[in-house]
Ligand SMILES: Cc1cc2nc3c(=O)[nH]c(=O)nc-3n(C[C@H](O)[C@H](O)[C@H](O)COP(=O)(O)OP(=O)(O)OC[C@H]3O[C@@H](n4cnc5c(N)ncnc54)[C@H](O)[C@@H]3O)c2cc1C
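The form predicted alone is given below as one chain in structure tokens.
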Amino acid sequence: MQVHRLTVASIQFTNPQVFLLELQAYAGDPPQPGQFFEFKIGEGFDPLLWRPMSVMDAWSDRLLFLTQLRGRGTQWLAQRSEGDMIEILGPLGRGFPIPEEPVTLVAGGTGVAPLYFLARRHPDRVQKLIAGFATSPGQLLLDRFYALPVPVILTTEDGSLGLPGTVLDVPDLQDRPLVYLCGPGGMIRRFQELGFEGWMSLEDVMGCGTGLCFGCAAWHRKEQRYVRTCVEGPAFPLQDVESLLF
């Protein structure tokens, strides 16, 4: 792992709360779907903790991230301009394993980022992508989704786009397919309770991203011990681990 000083290529809002951040001049190891980078926020040590962000796409010298406005960190990122420098650390963590058989990708909100990356990299191993949002994610994201070489099903809780409701209301999931998940803890917990099998990527607070601070500890049910989401994960077998934030 190493720290990279990258240049902002573009920041594009897809709706008032969600934006795409593209960085250029990357020369590190190619990230894998499910891996993440830690972002240095602000100047000096305020705020102190770096912010984790999953990779949505990557090219030879560019990285793409999908971000939702949540607090000081994401507000600071959203206010960057083209040409500004940002420090990031990574790639970090263990990403998704390449599926041995076609799987159904299920995402909630910005959890779609690593699953979009997986669908772009390995479309032959993906049956479909199901992505749920509170409201329409905006045309920029829709254009990317519909350009994927896999079928895409979208849901919105307010019924403004696609199927009304959540991803669990999609009929395609009634037969309990093998799934790869990323999204809010409540969504993942519900898939665990319903007995789905597959893999999940945990969205957790990861202050260091290197396993030193133990701030992202999760309970491993099979091994009966705590694991660090940023090192042993963030991708885990779906039924093996439960986040302390769920």
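Bear in mind the structure is a predicted one, so any value in this text is a computation, not a measurement. So that there is no doubt, residue numbering starts at 1 and follows the sequence shown.
Omitted from view is the form predicted in complex with the named molecule, to which the following refers.
For residue 212, no non-hydrogen atom is located within 4.5 Å of the named molecule in the predicted complex, even though that partner is not displayed. Proximity of residue 207 to the named molecule in the predicted complex falls within the 4.5 Å heavy atom cutoff.
Residue contact check for residue 121: none of its heavy atoms lie within 4.5 Å of the named molecule in the predicted complex.
At a distance threshold of 4.5 angstroms between non-hydrogen atoms, residue 72 is in contact with the named molecule in the predicted complex.
Interface residue among 179, 218, 49, 58 relative to the named molecule in the predicted complex, by the heavy atom within 4.5 Å criterion: 49. Highlighted residues 106, 183 and 242: none comes within 4.5 Å of the named molecule in the predicted complex, counting any heavy atom.
Remark: of stretches 164-172, 146-154, 123-131, 109-117, the one touching the named molecule in the predicted complex is 109-117 (heavy atom within 4.5 Å). In this stretch, 14-38, the one residue having a heavy atom within 4.5 Å of the named molecule in the predicted complex is 36; the partner itself is omitted from this view.
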